[in-house]
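Take a look at this single chain in structure tokens; it is the form predicted alone.
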């Protein structure tokens, strides 16, 4: 039985770790807030009090934490993975971070006799809960093949996209597309509401045509009901768009629409919406339009 250390048991990491238990892996979970290990223990996993305790005997170390500094600390920081993992350990970083940081950490891992894959995911909380995530993987092809059983336990669409950092680059592109779709959906909702249209009916017919998308399917109801409990927080998407705009500048690529959405995301954070689901970009559209942020029946024109 392969032993997996899972570091980071938040909205995404917790269900992923449970799926690994259900797939037959021996899983030890670590989270800075220890209470978040309880669900994993109830599912048949184990709780570790430190990163070192979790990874010391692990064959695979899975990481799912918020940002580049968090990954750097967990892997290369004092009492982290690099100090405590046994040689040959396969590290799978499911976090979404900067491609350059991934490449740097992969080089450090290689020097220590460890293997690192960057494997950011898409699909949000629903994808994590249903083991239906899309996983874009960067790193060595042999390591990708070795990680297949882990990926298959938590994901549905699993693709090796290139060397170290490639997974993070593709994830950045994913977040650019998703952010643009959410912003335009928010604008469409505000638009039809302003004309007194049956918004639920409107989204139903829009979803059946070329305007249909996973974003509309998964986020439309949130906007209609003004229900913004996070699957994926605005503050994290704000971070991801920072990665996009920075990396695009380094590559000499222009992302004009992406830059605008990045500013709207920053505005949402500045207005206190960072902890809400990214579908709450609707609130920014309503603010700019001088509309009520609560559910409105619209007005006849």
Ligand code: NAP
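Residue numbers count along the first chain shown, from 1. The structure displayed is predicted, hence computed values, not measured ones.
Not pictured, yet referred to below: the form predicted in complex with the ligand.
- Item | Proximity to the ligand in the predicted bound form, single hit among 125, 84, 164, 222 (heavy atom within 4.5 Å) | Contact check passes for 125.
- Message: By the heavy atom within 4.5 Å rule, which residue out of 179, 150, 203, 121 makes contact with the ligand in the predicted bound form?
- Response: Contact with the ligand in the predicted bound form is made by 121 alone.
- Query: Among 89-97, 138-146, 203-211, 153-161, which stretch has residues whose heavy atoms lie within 4.5 Å of the ligand in the predicted bound form?
  - Reply: Selected stretch: 89-97.
- Heavy atom of residue 80 within 4.5 Å of the ligand in the predicted bound form: Answer no; every heavy atom of residue 80 is more than 4.5 Å from the ligand in the predicted bound form.
- Message: Whether residue 227 contacts the ligand in the predicted bound form should be assessed with a 4.5 Å heavy atom distance threshold; does it?
- Response: Because no heavy atom of residue 227 falls inside 4.5 Å of the ligand in the predicted bound form, the answer is no.
- Taking the shortest heavy atom distance, is residue 42 within 4.5 Å of the ligand in the predicted bound form? No, no contact at 4.5 Å.
- Task: Answer yes if any heavy atom of residue 273 is within 4.5 Å of a heavy atom of the ligand in the predicted bound form; otherwise answer no.
- Result: Judged by the heavy-atom cut-off of 4.5 Å, residue 273 is well away from the ligand in the predicted bound form.
- Message: Only counting heavy atoms and a 4.5 Å limit, does any residue of 18-33 reach the ligand in the predicted bound form, and if so which ones?
- Response: Contacting residues: 31, 32, 33.
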